[in-house]
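First, one chain by itself: the form predicted on its own, in structure tokens.
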């Protein structure tokens, strides 16, 4: 596919530019022409910025959004929320998972995300037995990406145990479980499942230190020497306490000491780190995968963002439980969490006069691009033609330059999004996905069946 565009305003690696010609071939940007004439090009009105990668999602959890907001008999926490999640997934068929994933991916595109790292751990039938096609559920995620146009990095999850020290898994976890040999076959099936998707990638995701052992983690990593590696770590205080009881070390400290953590790794949450862990994670080159809306919803805590950035750490953002899906909203809550923690303002900016919105967006672009292992993150030759186009006529977009990003992140949010292009294809116009009616209809039918 070839497409020749004329962008009224665009954020290029060199800065903001007007009248930008964009040549697209086979989904990638072939050439960028600042100061181009509009003749012979398709005009795209508005303010074009690179599409943001979503580096962490459990798509099926979109279907349970709102189901865990009733107070229990004692202190509610991540661990009580998890029981609600186990009950919900006990009714999901492959068809349900595909319908829910497509709806979530559609909302991600409407909310400013153009690429996704899907942390996919729902593998087997409700009784824990594998499907005839071991990668059936991976194929459903790939089908949802194809239906919606979402750019995909698929991360099949290795999950073998129920707690630190090889504790037996519980009944609610039986749909997740594999030994290393079967997991590696599943990952190969996932590679076949995404073969028809443009520029798609498969990595691996050891679920967490509590779901693997040192030996099984080493085995899976040794068999997968390339590609992205994502892992949940230090999300809750109890997890840190349990890890210390098991190993004598905190989770991030243990992981950095026992695995060759480098730039292909993404440590999801990493919320509860001490100063030494924060500095060591930053030095490693790994990306911290932050999901502020979910972390707030679950009461997890606040990531030490300012300290981590001061040490040169990389981060990106994700929608995790998909209770609310908004790219600017994740960035806004990330900054607001730092403000609440430090009782200060404009915490994540590095220097006097720097736009916080621009700083957050640039950092999340770079970290998300690394975590998805795809050619993303810039309106530049060689990058995928993933664009989010903000409505220049929106009342909050009356300023210019970096103030556009400040207004997008902190004021207008997803309401400012007019168009979204992925791989050069227009998928969202007027803030709505072009396939919304069919996708929403399938989702509504699936949810009605699950609730019946």
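Keep in mind the model is a prediction, meaning the values are calculated, not measured. Residue numbers count along the first chain shown, from 1.
Not on display, but discussed next: the form predicted in complex with ligand NGQ.
Residue 336, heavy atom within 4.5 angstroms of ligand NGQ in the predicted complex: Result no; residue 336 lies far from ligand NGQ in the predicted complex.
Residue 62: touches ligand NGQ in the predicted complex, heavy atom cutoff 4.5 angstroms: Residue-level check for residue 62: no, no contact with ligand NGQ.
In the predicted complex, residue 217 touching ligand NGQ (heavy atom, 4.5 Å): Residue-level check for residue 217: no, no contact with ligand NGQ.
Ligand NGQ contact at residue 320 in the predicted complex, heavy atom, 4.5 Å: Within the cut-off, so yes.
Contact residue in the predicted complex, chosen from 265, 121, 254, 308 - any heavy atom within 4.5 Å of ligand NGQ: Contact residue from the list: 121.
The single option of 96, 107, 277, 235 touching ligand NGQ in the predicted complex, heavy atom within 4.5 Å: Filtering the options by heavy-atom distance leaves 235.
Among 290-298, 346-354, 146-154, 189-197, the region lying within 4.5 Å of ligand NGQ in the predicted complex by heavy atom distance: Every other range fails; the passing one is 290-298.
Heavy atom contacts to ligand NGQ in the predicted complex at 4.5 Å, residues of 73-105 in sequence order: The stretch 73-105, when checked against ligand NGQ in the predicted complex, contributes 78, 81, 82, 85, 86 at the 4.5 Å heavy-atom cut-off.
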